[in-house]
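Next up: a single chain in structure tokens, the form predicted alone.
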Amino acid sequence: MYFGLSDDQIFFQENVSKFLADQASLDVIKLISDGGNDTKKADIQRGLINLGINGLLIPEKYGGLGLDLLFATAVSQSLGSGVAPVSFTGSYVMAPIAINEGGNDGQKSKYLSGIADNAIKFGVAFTEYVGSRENAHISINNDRVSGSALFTLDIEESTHLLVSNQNGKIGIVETNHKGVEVIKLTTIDKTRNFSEILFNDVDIDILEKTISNDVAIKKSIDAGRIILSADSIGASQTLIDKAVEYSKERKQFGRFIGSFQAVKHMCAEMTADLEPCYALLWHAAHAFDSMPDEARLMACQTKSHTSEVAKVIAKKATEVHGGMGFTDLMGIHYWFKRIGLNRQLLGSPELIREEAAKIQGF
């Protein structure tokens, strides 16, 4: 029995890949990463919106495509492969799931329809629930929120923010509220932007169902972890492809380096390590929608394992390129750094393994 992506999922994935190949070449990525072309970055985001990435997970009755997480996973692989400088994980995966699971009918209609129409874009500030830093705290009382949230996802051009306290209560804040301060963070990954958000007694619209339980935030975070895993797998595959291609072109001592046993073994090891990750990823995405008893554990295992595998592949692929791999000329570092940051977002492998242990009752 073959377990993999359907023809429709592959078609969607290939359309995203072709668009990025045409509109987001390595030269464009370099320019955007240096802060030199925000217009082009916005054009790439709009182009992907036109392909429908904003409505993937939104039910049809709210104007979306009503697809499952496996479709979003297929798209995320392409985004990681092309180190796309766009919003996706927070705005178009975590936010729709959190609102659909935690909102009442009125909130769903307002916010999900807004996302589908591209009238509303969410940033996601869930670090208080995943693991906040010392002296950082989100306080939600009487429809007001105060505190700070580090590493907010997809803040660029956002109209609203999803914010959670440590108990999983989720609320929605307008980004342009006078009590909201956005502090841009500097990370190793220049293809995406992350921010710290300060809330000073800001009006907040609490998602009704999250008042009594934390189902919505757990599902949202699980989905985010699966999507980040897909992004890292896509980036890893590109690094392997680039390493193999380079080994066929680069000569040393009059021979192509790909003919050296050490280089061949490194490329084979990378491929052998990555291949099982696809099945793990796809099963986790399938379980998210179809196997609720396994979903949380699979999300944890997928994120922790693929993070470790991708880290090793990033290292080996760079080594295959030799000294050139450390230069900006080859651009390998964009995928390397993306994998490195994905490893930490929404929980490091160590933190997530601890969660997996608790899920299993250890």
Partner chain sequence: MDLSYGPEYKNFKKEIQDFCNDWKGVNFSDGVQISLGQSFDNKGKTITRTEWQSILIERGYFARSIPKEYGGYGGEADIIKSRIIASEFSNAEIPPAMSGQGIDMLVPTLLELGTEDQKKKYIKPTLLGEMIWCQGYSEPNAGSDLASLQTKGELINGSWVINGQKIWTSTAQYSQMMFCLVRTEPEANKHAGISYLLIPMDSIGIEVRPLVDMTLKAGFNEVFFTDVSIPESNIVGNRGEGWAVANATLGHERGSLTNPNATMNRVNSLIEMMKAETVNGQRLIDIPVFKDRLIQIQGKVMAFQSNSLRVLSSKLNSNQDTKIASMIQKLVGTEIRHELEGLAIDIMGEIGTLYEDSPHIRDNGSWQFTYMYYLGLIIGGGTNQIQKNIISERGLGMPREPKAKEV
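Positions refer to the first chain, counted from 1. Everything quoted here is computed from the prediction, not taken from an experiment.
The same protein also exists as the form predicted together with its partner chain; that form is not shown, yet it is the one meant from here on.
Student: Any of the heavy atoms of E157 lying within 4.5 Å of its partner chain in the predicted bound form?
Tutor: The answer is no: E157 has no heavy atom within 4.5 Å of its partner chain.
Student: Please check if L185 has a heavy atom lying within 4.5 Å of any heavy atom of its partner chain in the predicted bound form.
Tutor: No, L185 is distant from the partner.
Student: With the partner left out of view, is V202 within 4.5 angstroms of its partner chain in the predicted bound form by any non-hydrogen atom?
Tutor: No, V202 is distant from the partner.
Student: Whether F71 contacts its partner chain in the predicted bound form should be assessed with a 4.5 Å heavy atom distance threshold; does it?
Tutor: Result no; F71 lies far from its partner chain in the predicted bound form.
Student: Within 4.5 Å of its partner chain in the predicted bound form, do we find a heavy atom from each of K40, G52 and D328?
Tutor: Zero of three within 4.5 Å in the predicted bound form.
Student: Could you tell me which stretch in 213 to 221, 111 to 119, 96 to 104, 267 to 275 has residues with non-hydrogen atoms within 4.5 Å of its partner chain in the predicted bound form?
Tutor: Checking each option against the 4.5 Å cut-off leaves 267 to 275.
Student: Work out which of N176, Q261, Q252, N141 lies within 4.5 Å of its partner chain in the predicted bound form, going by heavy atoms.
Tutor: Flagged contact: Q261.
Student: Using a 4.5 Å heavy atom cut-off, which residue among S247, S81, S195, T127 comes into contact with its partner chain in the predicted bound form?
Tutor: By the 4.5 Å heavy-atom cutoff, the listed residue in contact is S247.
Student: Are there residues in 329 to 362 with a heavy atom within 4.5 Å of its partner chain in the predicted bound form, and which are they, in order?
Tutor: Counting only heavy atoms within 4.5 Å of its partner chain in the predicted bound form, the contacting residues of 329 to 362 are E350, R353, E354, A356, A357, Q360, F362.
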